[in-house]
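One chain comes next, on its own, written as structure tokens: the form predicted on its own.
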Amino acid sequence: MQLSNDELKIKINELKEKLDVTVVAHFYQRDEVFEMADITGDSLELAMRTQADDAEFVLFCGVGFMGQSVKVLSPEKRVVMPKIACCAMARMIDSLYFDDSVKYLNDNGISNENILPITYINSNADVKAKVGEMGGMVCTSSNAKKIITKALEEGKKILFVPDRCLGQNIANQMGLKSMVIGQEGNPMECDILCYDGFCSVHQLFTVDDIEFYRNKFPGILIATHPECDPAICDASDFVGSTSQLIKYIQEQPEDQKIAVGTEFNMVNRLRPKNTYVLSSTKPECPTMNETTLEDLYVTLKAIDDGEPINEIEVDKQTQKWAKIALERMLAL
């Protein structure tokens, strides 16, 4: 017999009290899963906060690269996931595609010694390791500008993977020249060379959506995530990471209307009034929404039975270089 959500929550809480486990959940998770977490946040925040946690098991509700980041930074922990869901953006690049991008720059007159790679944290461990081996580092949407500013001090071309939108938006903010690898342009004339990856959810937002809300609600503010297309960010009143969006919206007067361009579940939890989703369709991340309460219960029950499922493993060489890439970022 299938259990109701209320019954599942009771059983989940009983197992949490019994087991040496910490449940963490990303902001984009379903409400009912998000509410069961001991720690919530964005991807890097979760990886860092779990470093300081003493539990043997980290049960991570999110997508695969996030579980990997926890394992890379805390290899002694046992990391399990209710669903090893795959971020579509992270799947757009692997170590071979990374090598192809480096070769493209080489073929256009840029040697490896003159390339500094930076990978958005939304990438798998093998890509982070490649970046680490080449002397590069990881960035997040909140610190990308700071990371790129530091990187440019080395006088090298920046290879930015995998999100072209974040790379282009930061370049625009800093007055730098960028291009998407394989598209029209001369790499030698650019500061930032962007891999052609993107977030399918943040591609749903359009300039027409912005115009619709501004016509309907004069004075409304538009706040968007930098994974959106540069045209969307250029037309916005505020552009920021998940945590920055939350802070910005919380600081606005209660009667200030705001349309937000990021994942639906997070927007839906922001505040009860005067907050709108900047889309004519529901911008819900399909892979983030794979995890259900039943999945969470089954994963906890497996730990209790002594047979953990969906445990994250990262080989030692990948772990070594991916950790170096992450630690270079954290050092800044």
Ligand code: 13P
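In this text, residue numbers run from 1 along the sequence as written. Remember, predicted model here, so these are calculated numbers, not experimental data.
Omitted from view is the form predicted in complex with this ligand, to which the following refers.
- Taken together, Thr206, Ile232 and Ser279 are entirely out of contact with this ligand in the model of the complex: none brings a heavy atom within 4.5 Å.
- For the residues Asn265, Thr50, Ser43, Thr291, the 4.5 Å heavy atom test against this ligand in the model of the complex is passed only by Ser43.
- This chain is drawn without this ligand; in the model of the complex, the residue among Thr119, Thr224, Asn169, Ser141 with a heavy atom within 4.5 Å of it is Ser141.
- Heavy atoms within 4.5 Å of this ligand in the model of the complex map, among the stretches 239-247, 177-185, 110-118, 72-80, onto 239-247 alone.
- In the model of the complex, this ligand lies within 4.5 Å of some heavy atom of His202.
- With a 4.5 Å cutoff on heavy atoms, Tyr28 counts as touching this ligand in the model of the complex.
- Among heavy atoms of Val58, none comes within 4.5 Å of this ligand in the model of the complex.
- At a distance threshold of 4.5 angstroms between non-hydrogen atoms, Met66 is in contact with this ligand in the model of the complex.
- Residues are counted as partner-facing when one of their heavy atoms sits within 4.5 Å of this ligand in the model of the complex; in 291-327 not one qualifies.
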